[in-house]
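In the block that follows, a single chain appears as structure tokens, in the form predicted on its own.
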């Protein structure tokens, strides 16, 4: 692991294998990030201060021809104040491993922006004055002119430079470490970009077995023809039609769950009107990424997207009903370098509050779908101009600043804006948002898919058990350093990932053991947040879910019952081995082999 002090550019290398057994408990990737953040930060660490760390961690499978390498970016979140992480695809995981590192840890602070250059024989902070102020993708283009197209770059845009609390980090022309404000943390350290310039071979324990498994896996992915062809063609975009059909599509700041203009921003609308090509991440046969044409101010740009979450939060959630405006909004978020999910929720919150007379929008019209209002607010947020300076704090803090009861319209959990599923008629997904370690994010568990087929409005024990299993399964991919889509979208059996790990590392595990490691990571990230004040009070979905029945659609009149939710939460804690206040017990931590680690830093 490479440790870099941004204050003076000094660096050192830590050989984690001298304590191999302790580190292997956490697999790699997000697991390594959790252990590092636990040990390097504390109860009072300022997320934007020099004592916080930014961890770029590639799991053991990243950089190998296992479909879809990813890198986890971990820290204390400036948006939520607790554990934060976000995984990003593209080539960063591959190049980091080829530089010879499993993780890069950035600490400290500097006044002037620099960029970090890392290769297999060089680590250096270099002057970033020529890319300061540039958009995230413009900065990448400048760096690739300098170093060639084979390097991987991680950059921030103006939103990061201006410490927008939901700023993201961009990799590979539009892959985003979107959630939890990782871009603001990177900016707080005075780092505009990271260039990864490695090309070394990666050793594995059993290359012959690994290559055989990879070939089998690719055949299984492709042989599942219907799912493979659908996902290759549309990627996550096809989820919008599904969300509309099962009435969970966030619409006009989550006031409704179906959108009358959904057809205008559907996957087919993207394909017909703006799609210009497809891309894939390293070694992935699916190539789910869409390249779209964007026309803005008479110029033509290209966008890596859209994807479902941006279609929902920047589309239906803002009342946008045409795909041309949607891709412009998405492009602006990528250009400024801010999380499109949080941005869509923040702008939706602002429009609703303005319509209710709780704030003004600096002369802009408080209208759903108004392109001038939406585009202008995104710019104002990125540069912290006018009302944008308040909205750049995220909906939780913005509601506190604005007052007047507007917290009722702030769609977040633990300070993280809610991603793309409306949950009044989905108790399991409400629980998924409530108990996700980073806040209202879907990637730890998208149980809405299961409950829409099995038990939509139920609140029983089976649903809670499925929820916990999904949190362990889905979280594991970020530790391994690969994309979960081949598993969850094209149904590649989970057993392949167990085999990939064993063949790569020589550490022989079964499915039960590797899921136990994922549970260990989940409990440690929970303890990071518990140390910073999180408890049961924070494990609830937004107030709207309980207070306002759905106004239309097949679930008209439905809202989440508070007593039923509390009952689910009680079962969740019981099944997890946590206290009734949501704190992992000593017995659970001992069972997971991390009690001593936790007790040292509480």
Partner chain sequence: MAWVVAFRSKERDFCLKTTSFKSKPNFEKKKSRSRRIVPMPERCTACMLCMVACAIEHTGSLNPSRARLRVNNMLPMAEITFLEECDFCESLGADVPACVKKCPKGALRLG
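Treat the numbers as computed from the prediction; the structure is a model and nothing was measured. Numbering follows the first chain given and starts at 1.
The following text describes the form predicted together with the partner chain, which does not appear among the structures shown.
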Next item on the list: With the partner chain left out here, work out from 378-386, 474-482, 258-266, 96-104 which stretch has heavy atoms within 4.5 Å of it in the model of the complex.
Entry: 96-104
Item checked: 4.5 Å heavy atom contact with the partner chain in the model of the complex for all of 205, 278 and 287 -> yes
Check: Applying a 4.5 Å heavy atom distance criterion, does residue 590 contact the partner chain in the model of the complex?
Finding: no
Next item on the list: Classify residue 129 as contacting or not contacting the partner chain in the model of the complex by the rule of any non-hydrogen atom within 4.5 angstroms, answering yes or no.
Entry: no
Check: Would residue 504 sit within 4.5 Å of the partner chain in the model of the complex, counting heavy atoms only?
Finding: yes
Checklist line | Interface membership of residue 150, the partner chain in the model of the complex, 4.5 Å heavy atom rule | finding: yes
Notebook entry, point to check: Among the candidate residues 366, 509, 227, 291, which is the single one with a non-hydrogen atom no more than 4.5 Å from the partner chain in the model of the complex?
Noted result: 291
Next item on the list: May I ask you to choose, among 236, 459, 119, 247, the residue with a heavy atom within 4.5 Å of the partner chain in the model of the complex?
Entry: 119
Next item on the list: Can you tell me which bits of 405-437 touch the partner chain in the model of the complex, meaning any heavy atom within 4.5 Å?
Entry: none
